[in-house]
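Let's start with one chain on its own, the form predicted alone, as structure tokens.
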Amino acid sequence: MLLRNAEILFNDRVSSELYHMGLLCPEIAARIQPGQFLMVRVQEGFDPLLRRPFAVHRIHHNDPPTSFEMLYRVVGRGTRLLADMQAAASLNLLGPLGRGFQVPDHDGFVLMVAGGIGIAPLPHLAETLVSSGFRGPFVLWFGGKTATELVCVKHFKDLGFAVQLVTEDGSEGRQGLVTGHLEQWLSQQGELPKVMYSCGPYPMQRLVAEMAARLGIPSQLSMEALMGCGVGACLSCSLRCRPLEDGPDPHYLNVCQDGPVFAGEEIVWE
């Protein structure tokens, strides 16, 4: 991991709560793998004291890459400060951090599932699969509370994904929860996915993992957690996981260091 300053290239509001930021930092850009994240100091000095974790949304694929993007939601004082920052300002970054997504060894049906801001790390993964010559087919199921949460849909379609949309209020696509429609849709497919990637709220992730296990589909879940340090020191992001081979009891892993991506079957769901 690196500790570097990055120049803000843009910081655009894309909906009432969502912002899209571009950052110039060649050293970090060259190292980021899909699913990894950054710990960001949202303001100079130590107020707020703690950094905030953000998934890497996209990499700009020049050779070598020099810049990347974050997609984030304003939820408190730290992200409000971030949203107020302008282009040409500097942000201090620690990263890239964590264990990201594993790309399949062979071509096949790839399914991605996202809930709300859980869409954030999936474009980088999608772009990596397509740019590496991996041949799908590719499908994205994307759910949100309203249509305004369903961002970057066109980008996935441009990459060759078939996109299924779900909103709780019915303002776009099917009405309800994404997990409420997904299993029925899977039961109608002639072929099951080779792998299921997912990111979203904890209840959605649990249902995705249980669904994948019932159907025998390998799943990789990017877990959301409160993080104080991002490097495994503070233990604030512990996740209960299944026993090790030589032990009878569940054990705890850190989302920041051992994740954020876990196999669905690793997790003991509360």
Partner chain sequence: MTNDKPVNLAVELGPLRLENPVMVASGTFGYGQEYAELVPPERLGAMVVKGISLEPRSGNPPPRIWETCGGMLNAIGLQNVGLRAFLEEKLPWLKPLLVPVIVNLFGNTVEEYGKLAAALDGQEGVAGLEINISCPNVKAGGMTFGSDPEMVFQVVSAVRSRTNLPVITKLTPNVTDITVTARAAQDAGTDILSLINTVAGMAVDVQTRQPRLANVVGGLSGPAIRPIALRMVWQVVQVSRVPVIGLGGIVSVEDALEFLLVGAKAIQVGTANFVNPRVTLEIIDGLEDYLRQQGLVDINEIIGTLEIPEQSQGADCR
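Computed from a predicted model, the values in this text were never measured in an experiment. Positions refer to the first chain, counted from 1.
The same protein has a further form, the form predicted in complex with its partner chain, not shown here; the description that follows concerns it.
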Proximity of Asn11 to its partner chain in the predicted complex, heavy atoms at 4.5 Å: no
Its partner chain contact in the predicted complex: Ser236, any heavy atom under 4.5 Å: yes
Hey, in the predicted complex, is Pro26 touching its partner chain, heavy atoms inside 4.5 Å? no
Though only this chain appears here, would Val163 touch its partner chain in the predicted complex if you measure heavy atom gaps against 4.5 Å? no
Identify which of Cys229, Met223, Ile217, Met204 has a heavy atom within 4.5 Å of its partner chain in the predicted complex; exactly one of them does. Cys229
Checked 1-19 against its partner chain in the predicted complex; residues with a heavy atom within 4.5 Å, sequence order, are Met1, Leu2, Leu3
